[in-house]
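Consider the single chain below, provided in structure tokens and representing the form predicted alone.
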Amino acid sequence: MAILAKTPPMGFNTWNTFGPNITEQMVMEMADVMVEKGYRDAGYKYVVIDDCWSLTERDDKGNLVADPEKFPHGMKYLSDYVHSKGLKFGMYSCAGTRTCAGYPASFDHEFQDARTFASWGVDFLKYDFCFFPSFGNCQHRYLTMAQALRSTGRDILFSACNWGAHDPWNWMRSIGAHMYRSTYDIVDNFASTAHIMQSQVNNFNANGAGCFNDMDMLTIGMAGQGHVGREDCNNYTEYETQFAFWCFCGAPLMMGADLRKVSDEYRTLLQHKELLRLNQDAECRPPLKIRDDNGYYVFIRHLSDGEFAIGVFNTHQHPHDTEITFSEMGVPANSGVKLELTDVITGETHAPRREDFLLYVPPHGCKVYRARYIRDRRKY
């Protein structure tokens, strides 16, 4: 079997925009747009159907059955179509007795359902946590599905989604998950984005190649529309902060907007080459929190090319002027090196400096830099 999730998985999930209103035609159109608008070439490869895809009961053999009104040609047909576009096909189930929307789930059916998914050509399984029995063991049931997926002989990325219950960062990697949801559901406003950011700043220690902390689907480009859309939706600065934080932390990037309607400015943001380069860095090291001033954060992250990244994120409603010292990042003034900083978002490169730098961060905004070591010839 291939090694899955060497870097954070990237793709599209139906839930944020469409909720229960999913159809075969819509999924095919999403696959088409991912190719035509450059998302596939930017690295987004999974097309994932979320909850509400099946009939409300299993068939007489206990198998899950796709709703024939929503998916008239069946899931194998849809999977084949997605694969024909050079993309991968994903589906949804749940560790409980019912999915979150009340459809049949996989508790006590793990191996049967895994074989069904494999027969349909599924490449990705999002596995939720609703209606989980009080007598059940969360860790054991996610282990059971991980074993079931592996037993099929097909490479199926296991996207565990237990919302951060039972501290999944301590065990999801060990039981075989490739990514794990560590938060409750996101909605399309900055309060939700900030809450998720603040809940996870200390939980990236286990993030790395093979298993990634999933902070939920992106809302970038939704503009208040869709299933989790809100009237007080994010503005461009807030969407940029969301995307930059997910990228900086090395989190999976699962788009949630209707890609057929995403504006050019948000499509450009979602395909930002340098932010995606940061997200997909081969070394997959987690970020290190340097400073936490009650919602104003400074992080560093070591990168595979011998550089490191600096991320500054402001969740407050007022701007922040601040000094960032290199000493707090492990590069003291007497180190004999200066740092050349390149703004990851704008591409602007600043002259090398040896001690600190000053910056302005707008309300709900961010700054992200790549730092390169320069030998200070005046020092040595």
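It should be emphasised that the depicted structure is a prediction, and the values quoted were computed from it without experimental measurement. So that there is no doubt, residue numbering starts at 1 and follows the sequence shown.
There is also a form predicted in complex with a small molecule; it is not shown, and the following applies to it.
The shortest heavy atom separation between residue 163 and the small molecule in the predicted bound form is within 4.5 Å. The small molecule in the predicted bound form is approached by residue 185, whose closest heavy atom lies within 4.5 angstroms of it.
Residue contact with the small molecule in the predicted bound form: residue 340 places no heavy atom within 4.5 Å of it.
Taking non-hydrogen atoms only, residue 197 never approaches the small molecule to within 4.5 angstroms in the predicted bound form. Residues of just one listed stretch (164-172, 121-129, 293-301, 268-276) have heavy atoms within 4.5 Å of the small molecule in the predicted bound form: 121-129.
When the small molecule is considered in the predicted bound form, only one residue from 117, 248, 92, 158 comes within 4.5 Å through any heavy atom, namely 92. When you look in the predicted bound form, the only residue of 284, 233, 143, 100 with a non-hydrogen atom within 4.5 Å of the small molecule is 100.
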